[in-house]
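Below you'll find only one chain, the form predicted alone, shown as structure tokens.
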């Protein structure tokens, strides 16, 4: 691809369309630190808000990036296309020296949707508040996100014998760090409420062997609880073509 023609196309499309350029290039960055990326094949993406992403052939993360409202200058010099990006707000500069361009694609994209996140640890706590029998038949929840000096307790309550209960939820796996966190909350509640016994429960799909041993050592419990799966339920409700 002729680099002079490429320069003209980039000047015309930047800030108007999402641009995807595959090219052999080197990258020089200055801002949060300084970096140099030697010549290699990359995907260069300039979004409609002027965000810049540079991807190598591997990894999901960009090797370099510039945030929105970046300004661009394009010039050719000695057989190279030089893309200069400057972000005044974040005091960052990035220069891409394009040696060879493989393809260029630009398109006006339309997407104003917001990402909906469900099944978080907060959702797990809410699920337990609404369905306390998930923990035990006699569990009575008092509050969610009870504040302590060390953070927020996911679920706080008591049982039929009047024992205070602290529940820490984890979406995936309970590890020793989670048990230590639960212990801090239990000890803080003992001190704050002036009681000698507070039950600790780690609610999550599974625990590591070390976490299980720590729970036993501290006299805590593990309760197998899976996070709510809202979207999977919605998919099950949707009829397929063969259902009609």
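Keep in mind the model is a prediction, meaning the values are calculated, not measured. Positions refer to the first chain, counted from 1.
There is also a form predicted together with the DNA; it is not shown, and the following applies to it.
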property: Among the candidates 159, 92, 95, 80, the residue which, in the model of the complex, approaches the DNA to within 4.5 Å (heavy atoms); result: 92
property: Region of this chain that lies against the DNA in the model of the complex, out of 71-79, 84-92, 126-134, 97-105 [heavy atom, 4.5 Å]; result: 84-92
property: Contact label in the model of the complex: residue 120 to the DNA, heavy atom within 4.5 Å; result: yes
property: Contact flag, residue 206 vs the DNA in the model of the complex, heavy atom cut 4.5 Å; result: yes
property: Contact test in the model of the complex: residue 48 vs the DNA, heavy atoms, 4.5 Å; result: no
property: In the model of the complex, residue 193 touching the DNA (heavy atom, 4.5 Å); result: no
property: Residues from 19-44 in contact with the DNA (non-hydrogen atom within 4.5 Å) in the model of the complex; result: 29, 32, 33, 35
